[in-house]
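A lone chain, given as C-alpha cells: the form predicted on its own.
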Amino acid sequence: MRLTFLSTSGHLGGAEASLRDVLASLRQARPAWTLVLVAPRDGRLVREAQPLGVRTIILPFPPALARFGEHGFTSDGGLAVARLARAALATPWYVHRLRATLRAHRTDVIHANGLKAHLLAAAAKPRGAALVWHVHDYLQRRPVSARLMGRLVSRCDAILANSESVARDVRDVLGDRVPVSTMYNGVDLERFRANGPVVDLDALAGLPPAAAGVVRVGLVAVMARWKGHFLFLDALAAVPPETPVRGYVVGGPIYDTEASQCSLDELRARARALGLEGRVGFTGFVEAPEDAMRALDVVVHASTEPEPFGLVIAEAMACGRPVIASRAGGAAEIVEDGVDGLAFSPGDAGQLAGAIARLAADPDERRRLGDAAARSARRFDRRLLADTLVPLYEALRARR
C-alpha cells in the first residue's frame, strides 16, 4: 500500500499532531507500507515523521496561498475578496506540482489533513488514487472552504471527522454523498503520562520562582484567536487576589495565515491592563508540551468557539492533570463534568474563574480529577487509530 499524506503545515498544531499520530500508528501496524508526507514547509511535524520511516517532501505554498485564511473573511469586505483572488491565482501552479508528486509516487490513497489540503488534494487527485478528507474543522464556520468542498466532494471517497460534533457538521454541509465516520484524535500514552520531565515555566516566562503553595494554572494552545487567550486572562483577573494562583500562557504563533492569530505582545498588553503583573507568565513556544503540562497543577482549555476535538484536553488528561474545559463541540465529548474534569460555558470568564478558584482551594479534588482523567485518556491511545484506518484504506484500494 502506498499512502500520501498532505498537510497544510510542517509545524505541529493540533491537526498536525493528529497526523503525526496517524503516521506512528500505521507504521507500527503496517511496517511494510510506503508512507509519504507532503508539507508546505519544514517544521516539527516533518522532523517527527522522518524517524518513523516516512518519506517527507517539502512543496512550498505560493505566498498568497500560504497567507490566505478565513478568519474575519465575512467582515473585511474588499480586502477579503482581494486575498481570495490572490490565493486563487496562485493555486493552479501548486496543483500541477502536487499532481506530479502524487503520480511519481504511484499513490493508492491520499489522506488530506486540513481544509486547504482537502481542496488541493481533490483538485490534484490523479486517476486511480482514492482520497480521504480528514476533517478537523467545522465547515459551517469556513464558508469559502465549505462552498468549494461542496463542489469537489465528488472527488472524495471517504471522510473522517475528529469528533461526532464535527461529523454532524460535515453531514449538514455536504450531505450524504460521501460516507462520514468519526475517529477521535490519538495520544501517545508513553509520552503523555503523569510521571516524567518537567520544564521550569517561571524561567521560560522570565518570572521569579513561584512561592511555595502556589497553584500553577496554564493555557496550552496555539495562538489562534478563538482559543481563548484573552478569556483566560480575564478569568485570572477575576480570581480573588488572595487565591494562591499563578497563570501561564504556553505556546506561540505557528501558522502563516493572516489575522487569525493573536500575538504575545497583545496578550502582555492585556495582562498589564488587567493588573496581572507577576500573576501570569508567557512562556512562548515549548518544544515538549507534555513537560509543560506536567509542570502545571491545572490545565485550562478556554476556546470561545466550539472545539472540533480538543487534543490538548486529551493530552493533559493522559498526563494526569485536572482539566477545566469549555463545554462545547468535540470538547464536550471528552470531559465529563465533575467526573474526570470540570466544564464551563464557552466565553464565560466568571465561570472559568470560579472553576480555577475551586481547584486551587482543593488539592484532594485536583488529585481525584487528575487520576480519573488519566484513566479516561486510555480510550485515545494512538495505537488504536490503525484499527480504523487500515480497513478503510484497504477497502478504498480494492474499489479502485
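One rule holds for the numbers: they count along the sequence shown, beginning at 1. Please read these numbers as outputs of a predicted model, since none were measured by experiment.
Separately, the form predicted in complex with a small molecule exists; it is not shown, and the next lines address it.
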> Among 149 to 157, 306 to 314, 271 to 279, 198 to 206, which stretch has residues with heavy atoms no more than 4.5 Å from the small molecule in the predicted bound form?
Replying inline: 306 to 314
> Tell me, which of 108, 188, 297, 137 has a heavy atom within 4.5 angstroms of the small molecule in the predicted bound form?
Replying inline: 137
> With the small molecule left out of view, which of 125, 227, 321, 116 would have a heavy atom within 4.5 Å of it in the predicted bound form?
Replying inline: 227
> Any of the heavy atoms of residue 283 lying within 4.5 Å of the small molecule in the predicted bound form?
Replying inline: no
> Quick one: is residue 25 in contact with the small molecule in the predicted bound form, heavy atoms, 4.5 Å cut-off?
Replying inline: no
> With the partner left out of view, is residue 15 within 4.5 angstroms of the small molecule in the predicted bound form by any non-hydrogen atom?
Replying inline: yes
